[in-house]
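First, one chain by itself in structure tokens, the form predicted alone.
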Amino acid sequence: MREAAEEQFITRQRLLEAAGEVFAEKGFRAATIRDICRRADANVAAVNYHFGDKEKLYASAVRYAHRCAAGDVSALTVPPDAAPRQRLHSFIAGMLGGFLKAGKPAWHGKLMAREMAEPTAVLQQIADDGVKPRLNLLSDIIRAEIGADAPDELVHRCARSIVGQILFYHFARPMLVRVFPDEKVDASAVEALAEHITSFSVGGLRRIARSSRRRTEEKAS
């Protein structure tokens, strides 16, 4: 029983990896189950058994690519009562570590880029199950720095500015290695980049907090 279960897991994983590669290369419409099964060295029945149909296989591949690409920030490496700066650094390092991880297949990013360009229903699933929980976590950290009563719109702008810095090193990496050939933009640079983004972001957040307090005081006077 155990060997059979392991074999089923291996087959499912092969199909997932092969599907991701084919969908990334050809897109959903042009990709065929036959192409995917040939690359995975599996039969067509295995797709039906593990995923149901082509659409569900595509959705599984996109969700898998997103999980692998974005890193794991669901559990910070510092305690919840740590200083906001420490928590922010942990969050940033977690995301950067996922994006800059060594040996990561190129199809992860290509498939996500395709899904962003031509969204399907799975993008909403990723937004609900993957992105929004991260946003909530980051928003809590930001509020701890600028004030618990900060309006959602301001907090969300701050969150997008922080994540934007992280995504820059992911999407602009091919250009960065050409413009700055002597600087590391890979897994070995995660700590240094995380520290820079954290310092830059905390400086901005503290300025926003001071400006917000000043406006509140002016209204009260």
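So that the term is clear: the rigid core is the largest set of C-alpha atoms that superpose within 1.5 Å between two forms. One-based numbering along the sequence shown. Note that this is a predicted model, so its numbers are computed, not measured.
This next part talks about the form predicted together with another copy of the chain, which is not shown.
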property	result
Answer option from 156, 38, 67, 56, heavy atom within 4.5 Å of another copy of the chain in the predicted complex	156
4.5 angstroms heavy atom contact with another copy of the chain in the predicted complex for residue 186	no
Close approach of residue 147 to another copy of the chain in the predicted complex, 4.5 Å, heavy atom	no
Proximity of residue 85 to another copy of the chain in the predicted complex, heavy atoms at 4.5 Å	yes
Contact test in the predicted complex: residue 208 vs another copy of the chain, heavy atoms, 4.5 Å	yes
Any residue of 117-149 that, in the predicted complex, places a heavy atom within 4.5 Å of another copy of the chain	117, 118, 119, 120, 123, 124, 126, 127, 131, 132, 135
Core-aligned C-alpha movement of residue 194 between this form and the one not shown reaching 2 Å	no
C-alpha of residue 142 off by 2 Å or more between this form and the one not shown on rigid core	no
Yes/no, residue 19 Cα shift of 2 Å or more between this form and the one not shown with rigid core fixed	no
Change in CA distance between residue 186 and residue 123 in the predicted complex, which is 3 Å or more, as closer or farther	farther
